[in-house]
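The chain that follows stands alone, in the form predicted on its own, written as structure tokens.
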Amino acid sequence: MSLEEKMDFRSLTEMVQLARKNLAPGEWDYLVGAADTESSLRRNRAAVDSWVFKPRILNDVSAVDVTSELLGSPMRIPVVLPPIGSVQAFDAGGGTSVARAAKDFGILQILSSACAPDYEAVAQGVPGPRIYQLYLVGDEAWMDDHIERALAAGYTGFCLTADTQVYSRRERDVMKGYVPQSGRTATAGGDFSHQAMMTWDTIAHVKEKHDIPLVVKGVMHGDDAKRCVDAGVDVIYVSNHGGRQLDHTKACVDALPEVAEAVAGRVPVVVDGGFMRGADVVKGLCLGANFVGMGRFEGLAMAAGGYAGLMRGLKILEQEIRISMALLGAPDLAALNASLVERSVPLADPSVLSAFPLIDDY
């Protein structure tokens, strides 16, 4: 029996239960926590919950197509696996386990420079397309060297995270004295001031010097989205870092329509922030995203069972997406649009796990 066959949780709720059981308190709080009051985290989830479906009937949904393409790579579902610093805290295989699952399932991984193994080791162990996300802890020459090495290793995209100018205060970690590898990278692994000095000139330099598609992550304003596209950025990524950086930010799904309007279909748009279930993914697509990033989902699946847990979680997620689209009357991704959703009053008190209301019942 394969590892994946042994990982037989029946629902995403059971996946989260396993993750909570398997993680020590420090790792659990690092995964589910956020900055300061955690308002940005709760607002992300509240906003996703506040959009409700307006289904259409009598459309043929006997064969729902959820496939697409991102940066030349076929995508089995419209989901990307975002960069998670310290992903190895949830499973010893770390970035390599995520890479294997992304490749075997058929979606793209964005590998964080703040996780282990490093990007060259991951590429050697699991060849194939993926995106490399780099935190700048060195000068321009240092950045250029890492981009060139990523290209040589076979990476098909490069990501700069623009919302991490400084490392935030995450009180769960502070109160436990827990310092993840990503935090050590920010505070001791190099000169993190280079991240704070990133400007539009950095974007121009990457585009002029390197022949690799560029993703900018952390876009929350339509004006910035337009400027990114005008500067040649290849993918716009709407994100508030899962609420882990600036507290009290606008919810990502609420920032999405403005960004999508500014981009006007010129490049793909990715959104993350509070997306936990298949129906959540469909909401993001209706509101203007081409792909949805699911970072905490990735971490929870890894904590539940590493590679096998992530593969199983993605298969359940795929089922949820297909079912939601069929019941919405959407036979393919092109059929999803803003006319299929509207605002309503959320039913649940928002929390990082409020997408799993049965978590304590079974």
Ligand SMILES: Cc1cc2nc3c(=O)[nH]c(=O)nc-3n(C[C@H](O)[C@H](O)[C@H](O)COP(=O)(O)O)c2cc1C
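If you're wondering where the values come from, they're calculated on a predicted model, not measured in any experiment. Residues carry their position along the shown sequence, with the first being 1.
A second form of this protein, the form predicted in complex with the named molecule, is not displayed here; the remarks below concern that form.
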Quiz item: Is there any non-hydrogen atom of G306 lying within 4.5 Å of the named molecule in the model of the complex?
Solution: no
Quiz item: Counting only non-hydrogen atoms and a 4.5 angstroms cut-off, does F291 reach the named molecule in the model of the complex?
Solution: no
Quiz item: Hey, in the model of the complex, does T249 get a heavy atom within 4.5 angstroms of the named molecule?
Solution: no
Quiz item: Is G85 close to the named molecule in the model of the complex, meaning a heavy atom pair under 4.5 Å apart or at it?
Solution: yes
Quiz item: Thinking of the named molecule in the model of the complex, which stretch from 295-303, 324-332, 52-60, 65-73 has heavy atoms inside 4.5 Å of it?
Solution: 295-303
Exercise. Between 126-151 and the named molecule in the model of the complex, list the residues on our side with a heavy atom within 4.5 Å.
Key: Q133, Y135
